[in-house]
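One chain comes next, on its own, written out as structure tokens in the form predicted alone.
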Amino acid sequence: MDLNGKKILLGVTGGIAAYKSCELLRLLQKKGAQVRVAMTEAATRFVAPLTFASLSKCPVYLKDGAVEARPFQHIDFPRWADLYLVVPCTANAIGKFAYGLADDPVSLCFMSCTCPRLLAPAMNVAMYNSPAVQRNLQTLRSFENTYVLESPAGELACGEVGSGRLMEPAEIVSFIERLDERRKTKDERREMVEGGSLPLVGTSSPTTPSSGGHPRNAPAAPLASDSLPEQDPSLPGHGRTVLITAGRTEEAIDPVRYISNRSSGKTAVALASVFLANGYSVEVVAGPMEAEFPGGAAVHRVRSACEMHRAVMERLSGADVLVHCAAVADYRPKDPAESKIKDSRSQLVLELVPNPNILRDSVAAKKPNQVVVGFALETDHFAEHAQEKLHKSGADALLLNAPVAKDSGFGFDNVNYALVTPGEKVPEMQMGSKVELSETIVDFVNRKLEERHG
């Protein structure tokens, strides 16, 4: 869906993740969309309506009315919209939507809405996994024109760990931009079902779980069951696997000290999300990192470069695509101390040895039809260094990124990047989100696989 000029109604319910709806609103506006906001009374306790009114430049639809409120906002707002988002969507709102209850602005708009509806649940893991919430989510997935984003696992605001996190705003925007493809595919599949030529996957009745599953028995992707990429044979990644390296590596000096590189893991998470949205089965070999992966990715945890090298080489043969996104330490201490080195304030000399080059070794061992993409983080002489690394590695492409611009790079959502390919001039670097960077890589991979497989 091209968001430029689209009218989007944003429903905000009462959860701690409500503050992320402000970021979502701004991202939608940057894409050219017009946004109006409806809020439950509980949501106003987390974010003031004035914040959304200021950002959207439009009165917020509230239970007690709004400035310049009209008596039929519950009809006018959804009738105005091309798309209705409920972000975050609490367990209470999910229950209301499933059973047709409408007693606040967000549920009233859901009831009278005829445009596509997208819900992003966010709550405590115990609530999310409860039979009632899961049953209600299944009911909503069976509704026409309704899409439910599953909640990725990770650390929650309450300190617990598990499913129930709100999908990141940039990932939600990426999902929306591909919504037309999903709706077209879903309609085509429904026509085939009604014609008796294809069983419908993922649109089971509220009381019967869908029997559709992942072709490789990996964890479910963080998307609605009626639009799961791995269940959709028309998507370019259907039946294919991508292996992504992520995070950083830590090379032990002693049991408490180590050598490492900077990496939050945000780029790898964006990559996993976009590959999932394209129908790929996603495996990740991840070193230490702060960002959390969506639930559809199978994540294998490692710590050192040698552990990452071993894990990649073990899984190499089962992947169609490899993307080396991890910040791997080039060197490690030759003889790590078995106990903590005592602080004597005297000089300490560390002898370092090179770590294995995971990118080069995977290229050397790859099959002819596999696609390998590497990363090159540079701080100067960008084009020369990127071309040199691409030539030495033998990869199909190299994503050049430079974390030197203000408010970009490590830990930020934006980065300066360019995709470098053999025999081509290094393109002008551009500033964009890590989701946009990921889309650039996935589009290249899709084209490359199409060329090789026909």
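Everything numeric here is computed off the predicted structure, so don't read it as measured data. Between two forms, the rigid core is the largest collection of C-alphas that superpose within 1.5 Å. In case it trips you up, residue 1 is the first one in the sequence shown, and so on.
We do not show the form predicted in complex with a small molecule, though everything after this point is about it.
**Student:** Given the stretches 276 to 284, 331 to 339, 304 to 312, 120 to 128, which is the single one in contact with the small molecule in the predicted bound form, using a heavy atom cutoff of 4.5 Å?
**Tutor:** In the other structure, the partner sits against 120 to 128.
**Student:** Classify residue 91 as contacting or not contacting the small molecule in the predicted bound form by the rule of any non-hydrogen atom within 4.5 angstroms, answering yes or no.
**Tutor:** Result yes; residue 91 sits at the interface with the small molecule in the predicted bound form.
**Student:** Can you work out whether residue 13 and the small molecule are in contact in the predicted bound form, taking contact to mean some heavy atom pair no more than 4.5 Å apart?
**Tutor:** Yes, residue 13 is a contact residue.
**Student:** Taking 4.5 angstroms as the cut-off for heavy atoms, does residue 48 touch the small molecule in the predicted bound form?
**Tutor:** No.
**Student:** Answer yes if any heavy atom of residue 42 is within 4.5 Å of a heavy atom of the small molecule in the predicted bound form; otherwise answer no.
**Tutor:** Looking in the predicted bound form, residue contacts with the small molecule include residue 42, since a heavy atom lies within 4.5 Å.
**Student:** Tell me whether residue 123 is among the residues that move between the shown form and the other one (Cα shift of 2 angstroms or more, core superposed).
**Tutor:** The answer is yes, as the C-alpha of residue 123 shifts between the shown form and the other one by 2 Å or more after core alignment.
**Student:** Please check if residue 268 moves between the shown form and the other one, taking a CA shift of 2 Å or more relative to the superposed core as movement.
**Tutor:** Moves: no, less than 2 Å.
**Student:** Indicate whether residue 388 shows a C-alpha shift of 2 Å or more between the shown form and the other one, with the rigid core used for the fit.
**Tutor:** Result for residue 388: no, shift under 2 Å.
**Student:** Would you mind telling me if residue 165 and residue 240 are closer or farther apart in the predicted bound form than in the shown form, C-alpha to C-alpha, with a 3 Å or larger change?
**Tutor:** Residues separate in the predicted bound form, at least 3 Å farther apart.
**Student:** Taking the shown form as the reference, report whether the CA atoms of residue 165 and residue 301 lie closer or farther apart in the predicted bound form; the distance changes by 3 angstroms or more.
**Tutor:** Residue 165 and residue 301 sit farther apart in the predicted bound form.
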